[in-house]
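Taking the form predicted on its own, here's one chain by itself in structure tokens.
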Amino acid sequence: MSRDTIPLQMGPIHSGLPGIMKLNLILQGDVILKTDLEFGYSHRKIERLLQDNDWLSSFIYVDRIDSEASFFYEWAYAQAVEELCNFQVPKRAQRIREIFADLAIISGHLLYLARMMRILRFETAYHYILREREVILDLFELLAGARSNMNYLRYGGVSQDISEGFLQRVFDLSTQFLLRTEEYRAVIFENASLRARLSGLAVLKPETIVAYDLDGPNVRAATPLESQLMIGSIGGDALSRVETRMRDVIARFTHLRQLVDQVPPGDFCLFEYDRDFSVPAGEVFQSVESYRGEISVHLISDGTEKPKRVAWRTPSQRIVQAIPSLLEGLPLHEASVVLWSLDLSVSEVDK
């Protein structure tokens, strides 16, 4: 290390970090030359806990991999069990899952946007976004009885049917948000200060995407589509990542308006659930698309009442590999903005 470089530790507890992690930085002045990441400070051995509990109880631990994306971990796990058991999920339960998935994606994106506005000190936009997300959390509570860690899915269906008036509330929320699109455009995307701060920041390059097998909205932002909200984005930068998620929110609300009219009558589950349930011996790899990217589970059953082996592959596990190259050459004060712009969940890394 030369005499004009400075080592600096950022974290593991730091308000500018998206979770419990540590950045070992080498600085030259205030410019980042090198970044070494450290994780493991919140490791909870969830994969091991899943192997020590029965199939039904495992849903509780699956939720804890990432409380903000708990639905998608439940969905991947449920589909893996259904494939091993050759279950056919009732059409009503399938449609309920699709509605819940859209709401969960919207909720995740809105939380991302709120955090970005907060780290950039755009307080007005921050409160606008949380206003919409609060209504979605109310819908989660109405449907599952909880606002996070919902423990709602089951293999073969869902734990309970939708309540009266739920679909109408989903439709009303979708209509209301779509009417407010211009309001968000004016407050966020036409803000010259925000565009100047995020445009060209931490561009995710194609070779980085290929090297670390990245996917999800961070990758879609690297090749932005023309849309009403896009304003001079170069693609792959922090501004594109923000705009891509807002575009996803609008698309999901539009989709929800169609889904609420397509929920058929019928059963919401296949059978009554108990802890004596066993899964035929076998091995399966199942994936679902969350609001961060692809979540995959590798599940092995030995025919007993507990899984033999459960391993997860998460979006955050992959995106953290790109952080050192994204921070290289940036001033120190941009590090927090870059990290938050990637929508990183440390609990997905430290599962």
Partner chain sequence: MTPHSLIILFLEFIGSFLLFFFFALLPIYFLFSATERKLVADLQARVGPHHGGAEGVLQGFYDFVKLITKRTPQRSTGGSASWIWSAISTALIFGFFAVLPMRMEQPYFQSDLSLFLPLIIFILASCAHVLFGQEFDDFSTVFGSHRRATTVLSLSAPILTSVLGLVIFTGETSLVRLGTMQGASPLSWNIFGSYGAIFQFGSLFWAGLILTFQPPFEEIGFDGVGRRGFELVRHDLTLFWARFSWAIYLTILYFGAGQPGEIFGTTGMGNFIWSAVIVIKALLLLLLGKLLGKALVQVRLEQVNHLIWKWLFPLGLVGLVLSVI
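Quick caveat: nothing in here was measured; it's all calculated off a predicted structure. Residue numbers count along the first chain shown, from 1.
Beyond what is shown, the protein has a form predicted together with the partner chain; the following relates to that form.
The partner chain isn't shown here, but in the predicted bound form which of Ser174, Gln79, Asn191, Thr208 has a heavy atom within 4.5 Å of it? The residue in contact is Asn191.
One residue of Leu120, Leu143, Leu84, Ile99 in contact with the partner chain, assessed in the predicted bound form (non-hydrogen atom, 4.5 angstroms): By the 4.5 Å criterion, the partner-contacting residue is Leu120.
Against the partner chain in the predicted bound form, would Arg131 count as a contact residue? Criterion: heavy atoms within 4.5 Å. Close contact exists here: in the predicted bound form, Arg131 approaches the partner chain to within 4.5 Å, heavy atoms only.
Taking the partner chain as it sits in the predicted bound form, is Arg169 in contact with it (heavy atom to heavy atom, 4.5 Å or less)? No, Arg169 is distant from the partner.
Taking the partner chain as it sits in the predicted bound form, is Arg197 near enough to touch it, meaning that at least one heavy atom pair lies within 4.5 angstroms? Contact with the partner chain, yes.
Within 4.5 Å, heavy atoms only: does Thr124 come near the partner chain in the predicted bound form? Yes - in the predicted bound form, heavy atoms of Thr124 and the partner chain come within 4.5 Å of each other.
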